[in-house]
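Next comes just one chain, in structure tokens: the form predicted alone.
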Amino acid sequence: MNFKVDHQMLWIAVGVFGGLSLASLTGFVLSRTVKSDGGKATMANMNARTRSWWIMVAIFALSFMLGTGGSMFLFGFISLLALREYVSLISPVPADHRTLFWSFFVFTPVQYLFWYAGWYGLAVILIPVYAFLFVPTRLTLAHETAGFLDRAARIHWGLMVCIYCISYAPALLTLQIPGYEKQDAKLLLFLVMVAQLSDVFQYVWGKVLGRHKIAPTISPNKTWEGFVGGVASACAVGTALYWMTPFTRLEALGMSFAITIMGFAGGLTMSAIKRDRGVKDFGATIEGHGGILDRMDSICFSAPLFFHLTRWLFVSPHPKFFH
């Protein structure tokens, strides 16, 4: 049997496993040395987050081993969970239920099916165009006009964020980059690692140096010091990981910067939604992390931009704007 080992993926796996092992060991030691109640609470939270990361990494690893189909299924399931969390906050009325049925069980699977089939043109317009037209039409047939525009807008927003934007993450596996064939899983890993590390670094730098609030009424824990330190640290890691991508060091830096900025915008926007609905988290699906949307907020905003930048620069280097 000729079994070919991808040494880059092996090094990535070793790095992730080593990092999580170090985090677990550090959390175990510190949880038994801190004395203050505040310190114990912080360590309990950090250990819960680390345990959750072990579970999430295991799930991602399984999906990558199953290939493009497995990743599409995983992110499709994540989209359904995210949409479920979102719908629980928008207080739909009975007249919305059939429209929501189409959102969950038609538009969601079809969106991922289009990506899996490589039908780029249909995937990019299904929800922004056809679902946009379908939702108000179906709501009209329910014969309920009270709050019509508000209800339609809320359902549209849920479809765009929870389904359309998240679907751009596994869509990276469908890109056919010359000289980078059958390695697109590393692009997805690059996106997830940079986006999530940016969140982690912003949290750490904010705890260490944070003084000046960015938007205290929306996200009190976000500070300029945490933002700058987190973006710089995540960009440094992304640049160092250029070897797992088709990018040069400078291109990896630019891509990392785009991911971190959009990820920050996503986190701040989703925090505004939570404040509007009067909740701390979107859910409690993930121990120490809140709900699915609490972890995917940065991916929601960064995945579409990262996909289109990569496709434009490396798959279609000479787009015909006026063709």
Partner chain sequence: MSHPLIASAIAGGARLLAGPTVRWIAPKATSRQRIYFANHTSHLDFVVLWSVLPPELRRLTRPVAAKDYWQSGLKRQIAVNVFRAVLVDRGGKSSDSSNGAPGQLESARRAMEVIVRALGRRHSLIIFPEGTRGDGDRVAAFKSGIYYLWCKRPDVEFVPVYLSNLNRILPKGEFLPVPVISRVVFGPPLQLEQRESKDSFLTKAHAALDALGHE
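Numbering follows the first chain given and starts at 1. Since we're looking at a predicted model, the values are computed, not measured.
Below, we turn to the form predicted in complex with its partner chain, even though it does not appear here.
Among residues of the shown chain, residue 124 is not one whose heavy atoms approach its partner chain to within 4.5 Å in the predicted complex. At a distance threshold of 4.5 angstroms between non-hydrogen atoms, residue 91 is in contact with its partner chain in the predicted complex. Using a 4.5 Å cutoff between non-hydrogen atoms, residue 222 does not count as a contact of its partner chain in the predicted complex. Under a 4.5 angstroms non-hydrogen atom cutoff, its partner chain in the predicted complex lacks residue 186 among its neighbouring residues.
This chain is displayed without its partner chain, yet in the predicted complex the stretch 97 to 105 from 97 to 105, 164 to 172, 233 to 241, 128 to 136 comes within 4.5 Å of it by heavy atoms.
The candidate spot formed by 75, 78 and 295 is out of contact with its partner chain in the predicted complex: none of the three has a heavy atom within 4.5 Å. Only one of 197, 214, 87, 152 lies close to its partner chain in the predicted complex, with a heavy atom inside 4.5 Å, and it is 87. Of all the residues from 125 to 162, none has a non-hydrogen atom no more than 4.5 Å from its partner chain in the predicted complex.
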